[in-house]
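Presented as structure tokens, the chain that follows is alone, the form predicted alone.
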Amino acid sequence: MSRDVAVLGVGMHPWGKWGRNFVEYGKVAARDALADAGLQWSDIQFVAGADTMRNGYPGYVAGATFAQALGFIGNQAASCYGACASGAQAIDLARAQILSGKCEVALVIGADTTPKGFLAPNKGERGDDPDWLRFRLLGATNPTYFAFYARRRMDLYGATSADFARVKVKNSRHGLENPRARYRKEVTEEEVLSSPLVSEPLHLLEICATSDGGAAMVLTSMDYARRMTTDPVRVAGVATITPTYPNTVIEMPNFSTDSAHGVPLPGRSFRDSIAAAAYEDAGIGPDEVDTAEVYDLSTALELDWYENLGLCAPGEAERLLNDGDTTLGGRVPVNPSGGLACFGEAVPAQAIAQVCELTWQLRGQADGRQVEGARVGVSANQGLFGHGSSVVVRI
């Protein structure tokens, strides 16, 4: 039995700092997705909302919030929270509803309004919250952790600051023609390396901003989609996997690892297992991927994802980048949208936005940034507290 569902419509509110309620961005994205699908709000049977949260504390019940904003019509609704993986969880939830036969048409939606500056914890004493603890005990903002990852890459594989800067150069070029991107300016390696040092070895232009934005998708059964179009993009695999004990690589926001004393290590690290689970669900391998959208919170993290996705062996990401394989026109372009480097973080929306971009790529609708002949795309994301996120789409 096929486990595919169709992506009938996609929509996004442009990323930026707009200063409005996040619901406004979600409504724009939802209406764009509905128009793209050729459907009305009244056709939606199920709404899966990615929650807008603030560092461990829920802000809004997203599914019902967006249903109310679009007009209560009695459709089913649910909400998901997995930090930056929330959008993929919402996609998976809607997919499950469709595959189980509980509905044929679902709307997946996420949107955010972010505060100025780095994301920070809410007030209060929360000694059992690892995100709060890393601020309280270490004073470690997100860029501090991004720098730890970068230093690890330099120590393990000999990566250089110039390698990291070239990731930003590539993504700035990709995002230049993306009308939904917040930052649409090409930069040089020299400009990246001369921007202020935020957390050694990472400079300001190598760290993603926090942004406002929204993204939405209309998912349907394959039978329903075939009544509307001949060759829809399909969600073929989703991973929302958690780590396997022992997890011996520090993952944000934790600042210790599991003890492996007397316990064999798992076959894959947590990040490696995220895409592997999505590939297994889709019945494909990484050699079949034509393009990828990855979670480039920093330039160094993008290089890690090349290896986590199986696009190259460990330690070979720099070669992949410097040979031009991950740029437009290369073997497997990564972040043709411009990535978070050009968008910034709008946490509940970004995993959905990745799949929107992959859908446009597979349809041949990514004007100015098109990956020629793309038929299989994969996304990679990761939420705090052990939330994996990867989605495989194909034609």
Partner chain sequence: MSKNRVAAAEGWFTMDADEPRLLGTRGIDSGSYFFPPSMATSANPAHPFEEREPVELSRRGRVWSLATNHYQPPEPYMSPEPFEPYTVLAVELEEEKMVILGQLADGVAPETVKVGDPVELVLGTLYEDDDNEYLVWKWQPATGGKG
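Predicted, not measured: the structure shown is a model, and the values here were computed from it. Numbering follows the first chain given and starts at 1.
Just so you know, the form predicted together with the partner chain exists too; it's not on screen, but the next bit is about it.
Asks: So which of S273, N75, T144, S221 gets a non-hydrogen atom within 4.5 Å of the partner chain in the predicted complex?
Replies: Contact residue from the list: T144.
Asks: I need to confirm a contact call. Of T210, N254, Q97, S161, which residue comes within 4.5 Å of the partner chain in the predicted complex, counting heavy atoms only?
Replies: Only one option qualifies, and that one is N254.
Asks: Counting heavy atoms only and using a 4.5 Å cut-off, do I284, R331 and A366 all touch the partner chain in the predicted complex?
Replies: No, the candidate spot makes no contact with the partner chain.
Asks: Would you please decide whether T230 lies within 4.5 angstroms of the partner chain in the predicted complex, comparing each non-hydrogen atom pair?
Replies: T230 lies outside the contact set for the partner chain.
Asks: Does the partner chain come within 4.5 Å of any heavy atom of C103 in the predicted complex?
Replies: It does not: once the partner chain is placed as it appears in the predicted complex, C103 has no heavy atom within 4.5 Å of it.
Asks: Would you classify T113 as touching the partner chain in the predicted complex, given a 4.5 Å non-hydrogen atom cut-off?
Replies: Output for T113 is no: heavy atoms all beyond 4.5 Å of the partner chain.
Asks: Do G139 and the partner chain come within 4.5 Å of each other in the predicted complex, heavy atoms counted?
Replies: Because a heavy atom of G139 falls inside 4.5 Å of the partner chain in the predicted complex, the answer is yes.
Asks: So if I measure heavy atom distances to the partner chain in the predicted complex, which of the stretches 122-130, 172-180, 306-314, 80-88 falls within 4.5 Å?
Replies: In short, 122-130.
Asks: Scan 250-271 and note down the residues that get a heavy atom within 4.5 Å of the partner chain in the predicted complex; none is a fine answer too.
Replies: I250, N254, F255, S256, T257, D258, S259, A260, H261, V263 sit within 4.5 Å of the partner.
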